[in-house]
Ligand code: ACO
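Next comes just one chain, in structure tokens: the form predicted on its own.
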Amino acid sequence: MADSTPDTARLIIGDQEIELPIIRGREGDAAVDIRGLRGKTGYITYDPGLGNTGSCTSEITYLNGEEGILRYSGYPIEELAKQSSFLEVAWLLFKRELPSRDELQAFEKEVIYHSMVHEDLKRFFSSLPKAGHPMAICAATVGAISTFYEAVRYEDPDDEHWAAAIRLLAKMPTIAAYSYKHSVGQPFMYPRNELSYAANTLYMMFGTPCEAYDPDPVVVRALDLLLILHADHEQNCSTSTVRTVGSSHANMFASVSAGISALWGPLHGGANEKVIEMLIAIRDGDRSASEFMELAKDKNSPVRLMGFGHRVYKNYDPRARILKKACHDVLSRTGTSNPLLEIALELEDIALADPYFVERKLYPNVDFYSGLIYQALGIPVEMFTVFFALGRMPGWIAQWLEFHRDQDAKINRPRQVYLGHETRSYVALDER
């Protein structure tokens, strides 16, 4: 049967009719190409939040919210979570192909080799308030770290970009751990080259010069899994921010620093903190999970259900499904119990059975269980979003690299519909 889908869309505005090209993706997704719309008609589109606007083409991540599908460069997230490692996924996002054994070993060695930060950067940390949020410290440090490499120039821009990518990916665990150590007044720990990426992160977080600290392999694998699940998620707020800042040809460090700041918001990466706060409030309050859910349905109630629903997913978030199982595994292997998990499971059971939540497609999202695992690993609540940023780093870098290789890429410059005053004459100060 021949494909009957059109190649163009027709738009009628008054007496004018124009044709606009249709761009088709690999998975059946399609977009109306409106680049010529304003020039031909004088009109622009209006799309608050850009929820229906494709800002770019990409080969990195495929996301189908209706079906609950997430793939990195064609590979299902379920397979990568089960069989891959975080640095292998990082290579996949950078290169669009899985590495050979030799390529992966060389990549891991290169990342570990660059994990130390310049000694002078310690003075930068000491100049910041200890009470400052770790996300603010990480954003500031990533922005500042580019000053240490201003003199490093490569003949080939691709080589220069790759060097920046390695340094940023390698140093982020050190920066994240140092932001925590600074807040609690403990000495900074140097990375150990014999440890894996996730193990090094935990070592620098929790190790001290006073006694040996060897990260538990179960905990290391759980953290590696969390990082994989957070590695990229298409054109979300922080990723779009990285691309937008990068579109001005700002360097990778400055662009990612802006992405960290965007991720910090409670409607984005900060949501997992809100989930833990909600569960603690239920545990310590005088209402049951079912009573809480009833209040959450009441528009006049201040109670808000956190960790359910998603801007894109209208089905069960595949990452949440993986983390739900991982949460049980971590708690059982570490021999700890968590009453917050029991509350979380009860909330999920209610939401999946209650028509109110089902009709609104409010399924658990990645934030619902990630905070519980971070807590089980001993990660402080204020560090949750920092670890989200650590996981998202390969995606931000990959998106920045892809933008700079895109022949159609332009500096981002959205339009607006002006609703302010019409032309007015200036009134002298004494006459107002």
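On a predicted model such as this, the values are computed, not experimentally measured, just so you know. Take the two forms, superpose them, and find the largest set of C-alpha atoms that agree within 1.5 Å; that set is the rigid core. Numbering starts at 1 and follows the sequence shown.
Absent from the display: the form predicted in complex with this ligand. The rest refers to it.
Thinking of Glu108, Met116 and Arg167 as the candidate spot, does this ligand come within 4.5 Å of a heavy atom on all of them in the model of the complex? Looking in the model of the complex, the three residues Glu108, Met116 and Arg167 all stay beyond 4.5 Å of this ligand (heavy atoms).
Option from 173-181, 281-289, 240-248, 261-269 whose residues, in the model of the complex, bring a heavy atom within 4.5 Å of this ligand: Stretch 261-269 is the one.
Hey, in the model of the complex, does Leu305 get a heavy atom within 4.5 angstroms of this ligand? Leu305 belongs to the contact set for this ligand.
Taking this ligand as it sits in the model of the complex, is Tyr369 near enough to touch it, meaning that at least one heavy atom pair lies within 4.5 angstroms? Tyr369 lies outside the contact set for this ligand.
Under a 4.5 Å heavy atom criterion, is Ala296 part of the interface with this ligand in the model of the complex? So Ala296 counts as contacting this ligand.
Can any non-hydrogen atom of Ala254 be found within 4.5 angstroms of this ligand in the model of the complex? It does not: once this ligand is placed as it appears in the model of the complex, Ala254 has no heavy atom within 4.5 Å of it.
Candidate from His328, Arg96, Arg360, Lys130 lying within 4.5 Å of this ligand in the model of the complex - any heavy atom: Looking at the other structure, the residue within range turns out to be Arg360.
Would you mind picking the one in Arg221, His310, Arg321, His161 that has a heavy atom within 4.5 Å of this ligand in the model of the complex? Going through each option in turn, the one that passes is His310.
In the model of the complex, residues of 386-407 near this ligand [heavy atom within 4.5 Å]: Just Phe388.
Taking the rigid core as the frame, does Pro209 move its C-alpha by 2 Å or more between this form and the one not shown? Superposed on the core, Pro209 moves its C-alpha less than 2 Å between this form and the one not shown.
Would Asp354 count as moving between this form and the one not shown, using a Cα shift of 2 angstroms or more after superposing the core as the test? Yes: Asp354 shifts by at least 2 Å between this form and the one not shown.
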